[in-house]
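Okay, here we've got a single chain as structure tokens, the form predicted on its own, with questions on binding and movement later.
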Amino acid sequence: MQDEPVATEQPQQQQQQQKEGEEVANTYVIRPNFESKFRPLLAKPVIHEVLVERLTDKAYDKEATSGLCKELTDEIKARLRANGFERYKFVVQVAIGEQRGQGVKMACRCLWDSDSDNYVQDIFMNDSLFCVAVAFGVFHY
């Protein structure tokens, strides 16, 4: 029976960094640093700014609403990532509806670590539409 070559457990990129003499940082971080923790007080202005910029002069159009929701979620996610929340995954939900004086109730349930995960929401309304945006920041272990 011949000896088979043993597969290395390290990815190729880490092997190359070690060959070049650079140290590879450990990735088994269990909790986020206090400075990089997802805080709703820092994230809410980001969401509010996106909604005000994009929806101030918009009128409700049912054909354009789904595309607009996708654009808003992508922009909110991109701006949250640019804020420096390291190792966080973002789930963003945007709902747009026609403003007709009706009431709307929304709810969600999540299973997460309350020490490191959090959410933030913002509501925008004008004469013809309302928009609810929710962003969930979940720490990636």
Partner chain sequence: SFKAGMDNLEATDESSFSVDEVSNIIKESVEDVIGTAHYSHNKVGQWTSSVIEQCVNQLTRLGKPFKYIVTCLVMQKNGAGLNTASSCYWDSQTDGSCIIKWENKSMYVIVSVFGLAV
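The term rigid core refers to the maximal set of C-alpha atoms that superpose within 1.5 Å between the two forms. Positions refer to the first chain, counted from 1. Being a predicted model, the structure only gives us computed values, none of them experimental.
Heads up, the form predicted in complex with its partner chain isn't pictured, but that's what we're talking about next.
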query: In the predicted complex, K77 touching its partner chain (heavy atom, 4.5 Å); finding: yes
query: Interface membership of S36, its partner chain in the predicted complex, 4.5 Å heavy atom rule; finding: no
query: R81, heavy atom within 4.5 angstroms of its partner chain in the predicted complex; finding: yes
query: Proximity of T56 to its partner chain in the predicted complex, heavy atoms at 4.5 Å; finding: no
query: Stretch 89-103 - residues with a heavy atom within 4.5 Å of its partner chain in the predicted complex; finding: K89, F90, V91, V92, Q93, V94, A95, I96, G97, E98, R100, G101, Q102, G103
query: Rigid core fit then S114 CA moved by 2 Å or more between this form and the one not shown; finding: no
query: After fitting the core, Q102 CA displacement of 2 Å or more between this form and the one not shown; finding: yes
